[in-house]
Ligand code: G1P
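Consider the single chain below, provided in C-alpha cells and representing the form predicted on its own.
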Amino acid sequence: MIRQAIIPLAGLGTRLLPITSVFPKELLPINGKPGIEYILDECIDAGIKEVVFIISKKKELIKKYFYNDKLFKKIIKKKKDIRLKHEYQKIKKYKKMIKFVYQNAPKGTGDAVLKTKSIIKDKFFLMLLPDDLIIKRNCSKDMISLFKKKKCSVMASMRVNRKTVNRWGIYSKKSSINKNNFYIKDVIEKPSIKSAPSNNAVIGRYILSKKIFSKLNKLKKGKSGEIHITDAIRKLINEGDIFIGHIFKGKYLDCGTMSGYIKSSQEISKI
C-alpha cells in the first residue's frame, strides 16, 4: 500500500528568475491554479493520504499559502464570496494531509529525501517532482497499480531527444515486461551524449523503498556537488533490488523553465 508521498520544494528555481527571487515557483499560477495544486490533486486521485513537503526557510510562503486562515475567514465574512469560500475549503482539505520538513541548504534531491526519513512509515512511498506535470492521465495512479502487482520500486520514463540526455537521469533496460514497462538494469545521472545507454529518461515520479534512506545516509556528493537520488537508486539496483521503468501515457509538461511554464498554461487551458 502506498499511502505517503514526498514532494521536494526547497529548490531555488533559478531557471525562472527573476520571478523566483521573491516568489516560490510552485505557487505560480498555471491556467489560474497554483502549480503545486496539480501535484496535490494527482496524489489525492491516486489514493495518497499524507504528503510531505520539503521546503526551506526561504520558501515559507508555501506553508503560509496553506495556513492563511485568518485572512480567508475575514474576507469571506465580509464579502460573502462563493468562489473564495470554495477555494478556502479546498485549501483546508489540502492542509489536513500535508506535513512540512526543512532542507535549508541546497544539497540535492537525495538530501531532500533523506530529511523525510523519520516521517515515512510504510515500506514504500511515492515521490513527485513539482517541475514535472503529467496531464490527461494520472501517472502516479498507474504506477501504484503496477506496484500492487509487482511489489517493487517503479519510476516514470519518457523517451527524450538524444541530444538532451545530459539533462536527465537515463535508464539502461534489462528486459521488457510489456510495451509500457521494463525492468531497469541501471540508471545514470546526466550522462554525456556518447556515454548515455539510451534515451529513456527518468521523469519526476518515483515509488521507492525505505531502504533508500540507508543508501542516502552514506552517499557522497556527486555531480554539481549535490547528493543525487539517482546514485542511491544505482546502489540498490546493484545489490539486487528490482526497479521497473514505466512509460506513462499522459502528456508531460516541464514547468521548471519560463518557456515550459508558459506552454503548460496553454496546454492545460485546452483540456
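Numbering starts at 1 and runs along the sequence shown. Fair warning: this is a prediction, and the values are worked out from it, not measured in the lab.
Below, we refer to the form predicted in complex with the ligand, which is not included among the displayed structures.
- Contact check for I184, D241 and I244: none of the three has a heavy atom within 4.5 Å of the ligand in the predicted complex.
- Although the partner is absent here, G35 lies well away from the ligand in the predicted complex, with no heavy atom inside 4.5 Å.
- Contact between T230 and the ligand in the predicted complex is found at the 4.5 Å heavy atom cutoff.
- Among heavy atoms of W168, some come within 4.5 Å of the ligand in the predicted complex.
- When contacts are judged by a 4.5 Å heavy atom cut-off, E189 counts as touching the ligand in the predicted complex.
- Heavy atoms within 4.5 Å of the ligand in the predicted complex map, among the stretches 168-176, 76-84, 115-123, 141-149, onto 168-176 alone.
- Only one of the listed residues (I203, C43, I62, I30) places a non-hydrogen atom within 4.5 angstroms of the ligand in the predicted complex, and that residue is I203.
- With contact defined as any non-hydrogen atom lying within 4.5 angstroms of the ligand in the predicted complex, R15 is the only contacting residue in 1-31.
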